[in-house]
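This document opens with one chain alone, in structure tokens, the form predicted alone.
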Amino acid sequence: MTAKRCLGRRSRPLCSVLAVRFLALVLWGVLGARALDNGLAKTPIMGWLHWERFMCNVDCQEEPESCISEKLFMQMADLMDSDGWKHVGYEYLCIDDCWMATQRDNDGRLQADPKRFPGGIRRLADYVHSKGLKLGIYADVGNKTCAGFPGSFGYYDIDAQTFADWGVDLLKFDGCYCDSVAHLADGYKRMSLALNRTGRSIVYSCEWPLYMWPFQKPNYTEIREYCNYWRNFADIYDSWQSVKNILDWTSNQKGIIDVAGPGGWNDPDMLVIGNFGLSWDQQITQMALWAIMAAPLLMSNDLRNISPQAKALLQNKDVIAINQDPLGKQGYRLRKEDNIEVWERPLSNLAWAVAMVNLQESGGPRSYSTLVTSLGKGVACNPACLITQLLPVKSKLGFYTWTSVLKTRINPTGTILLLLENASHTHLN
């Protein structure tokens, strides 16, 4: 974001207001924690991850279409290429647990299960790259993965080099079977350094704070120096209760908000849109709030049979633009009153995203009114703003002055997602 020169006597008061806002946002960025310096994840990563939908299904004889196999990932790569996913930003195709053979090879290297991945990970990476996509893989900081496959403890350097040799572009590093907090922290740091030493650009996804929380408060400044994004809370499930739990935890952790930014992000876990457990309104809520939270957008669904409605929501360019906003500031819950939550996020060009969530699970749609002066730290609509509703249906609501009242109507467990564009900035452009 760059400041504009303002000329002429009439523009000076407006210039002063914009200069103050610009300076505040610049200082906000300067005061943020230093990020992992690998040049990656300048905006939250986007892609597809197998875990929530396909779990650890290794039975390719009985369930050949849904087992964790080379075939599954090649099919998903084909669809991410042909069905518009990569064109809106979903570029990482990520393997989770259960891809490995039960033993390392004779040289101590990890190896893929030879029956389910007959070409090995190198061939799969080449195939994924041929589609204009990037490949993510999974390993664990401890002695075993969560599903019991070989862990990376004692093998950090050789595993990092193995992944680089295979052409891997992202590593999700889990935290199961680690025998101490000290070994946990040390292992995450060692793998970060090992990945960098390979010379290959590999995004580093950590579960470090998730496993640290039961013992002590994580040091997020330190975590951000080693990881590109990190999990904080329990695995997501295909249920509204799970989504609510994640939102509730995040809304009460103000300390993690300012840590996020270009190069390092809080990860509330996968998008389960297009599966079975969420109603349509709840799917809208997850998409809207993940955009507000500047979360990695990693779908876990079956792209082979996703509904057109869910596909359109996941590929909504206006919502993705909020998630990918280059200012890189995570949003937060502004307030909660009578089961209505208001979340907001500062964006580039003095714009703000605002989400209003109706948590009530009985009755019908509820009306909610708020003064626009209460939004965007009091500056989003000062002196006026153009408000556009992006979800559930896009519509221009018009210009609002600083003292206007904004009235909305929100479905149970649904969300209204709004874009507030400052009228003075629009005028200058």
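Position 1 is the first residue in the sequence shown; the rest follow in order. Not measured: the values here are computed from a predicted model.
Separately, the form predicted together with a small molecule exists; it is not shown, and the next lines address it.
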_Touches the small molecule in the predicted bound form: D169 (any heavy atom, 4.5 Å)_ = no
*in the predicted bound form, does R345 have a heavy atom within 4.5 Å of the small molecule?*
no
_4.5 angstroms heavy atom contact with the small molecule in the predicted bound form for W51_ = yes
*Is there a heavy atom of C146 lying 4.5 Å or less from a heavy atom of the small molecule in the predicted bound form?*
yes
*For the chain seen here without its partner, which of 306-314, 212-220, 278-286, 94-102 has a heavy atom within 4.5 Å of the small molecule in the predicted bound form?*
94-102
*asked:* Using a 4.5 Å heavy atom cut-off, which residue among E207, D113, D325, E341 comes into contact with the small molecule in the predicted bound form?
replied: E207
*Tell me, which of D186, D81, D302, D235 has a heavy atom within 4.5 angstroms of the small molecule in the predicted bound form?*
D235
